[in-house]
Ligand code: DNO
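Just one chain is shown here, as structure tokens, and it is the form predicted on its own.
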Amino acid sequence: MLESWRWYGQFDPLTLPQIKQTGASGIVTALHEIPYGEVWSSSAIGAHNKKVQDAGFNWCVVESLPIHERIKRGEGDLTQLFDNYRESMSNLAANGVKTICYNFMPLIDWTRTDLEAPVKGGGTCLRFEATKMAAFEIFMLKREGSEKDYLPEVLPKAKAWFEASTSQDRDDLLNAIMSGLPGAFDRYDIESLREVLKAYDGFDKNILRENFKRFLEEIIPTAEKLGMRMCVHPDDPPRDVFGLPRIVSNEDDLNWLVNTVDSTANGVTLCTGSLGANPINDVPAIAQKVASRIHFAHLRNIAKEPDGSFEEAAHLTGDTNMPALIEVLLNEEKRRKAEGREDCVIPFRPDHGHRLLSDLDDEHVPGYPMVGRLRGLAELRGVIAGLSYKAGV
């Protein structure tokens, strides 16, 4: 498995020389400064890639080449947007970057209610708390019908939190929810979020699936021609958010994906944290079933709670059996090598991480501290080494 590290380029307080000290050899990055839907020029890609290579890394995965919201909504004439996306793919391939991670979550990316939840022993983590999310939707956003999306026991707690909250508490909650959008993007206040949600009136799972199917049919043939691998990131969290449907949340969704456009180029980013937040998901079992389509892996762990809350656990101590999951990936690599596949090595990165030690004083992209991720990488590296030794690799 290829050890990699996410780097946000000009938006990242961490430098490539600092990242070099982690021992990772691959960089997962993107041109976050380019607005969604615009072409990534070959010159811009080349300049970014040169920075990566000059620091001694391989730009192994694009995360991500974003999909414009009009494509997700299926709105208007999309010819130019699809053409732009294909041109960006071609420019990436020409610069030797051939794996693209992307997501099909409408409007907003990963969603948390707390960026600094305390963890046992010290440090902090990202957290999704059902009580706070319900308070946000019902009492701050005032989304009609939102109370139906939460368990009955959550509702009085949400009301109590809202009534006791200060304006700073509510500002912090909004900031946390908006922090899942990296790079050049639109953040929303309450009024602008209400306004933008109007564009999704009547939007449901079937509509989103049809629009996703169209995207795959438009893009995967180009990926095949260029020798590229597209790998969709699961929904985070794997539940509807703001009444918007999520369609990459469980085994059935992934089966739909790989069968809708049956191509090796149409694959999955196996995010153990995103899938692991869904109580119905057995993540190692899902990985086994879609193993041949896993082109990239985010390895992190989640501790779930009965009311739908969850928080980022240490990489080896959450609800997902990480050694079992890694064993699936190592076996898949072995199978691909026996077949002579060029993509026999699966890149992975330690995803998210607790904020520990010097992280507590250092600036970082939310969810991406240095020490916490380095701890995760070291733990994962140990599991991989042990399983590889056991298998005689």
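Predicted model, so just to flag it, every value in this text is computed and none were measured. For every residue, the number given is its place in the sequence shown, counted from 1.
Another form exists, predicted together with this ligand; not displayed. Remarks below refer to it.
Chemist: Considering non-hydrogen atoms and a 4.5 Å limit, which listed residue (W110, Y200, F212, F162) is close to this ligand in the predicted bound form?
Modeler: It is W110 that has a heavy atom within 4.5 Å of the partner.
Chemist: Which one, H233, R86, K157, R246, lies within 4.5 Å of this ligand in the predicted bound form by heavy atoms?
Modeler: Filtering the options by heavy-atom distance leaves H233.
Chemist: So which stretch, 38-46, 322-330, 348-356, 51-59, is the one near this ligand in the predicted bound form (non-hydrogen atoms, 4.5 Å)?
Modeler: Every other range fails; the passing one is 348-356.
Chemist: Would Y102 count as a contact of this ligand in the predicted bound form, using a 4.5 angstroms cut-off between non-hydrogen atoms?
Modeler: The answer is yes: Y102 has a heavy atom within 4.5 Å of this ligand.
Chemist: With a cut-off of 4.5 Å between heavy atoms, is H298 one of the residues that contacts this ligand in the predicted bound form?
Modeler: The answer is yes: H298 has a heavy atom within 4.5 Å of this ligand.
Chemist: From first to last in sequence, which residues of 54-78 have any non-hydrogen atom within 4.5 angstroms of this ligand in the predicted bound form?
Modeler: Residues within 4.5 Å: E63, S64.
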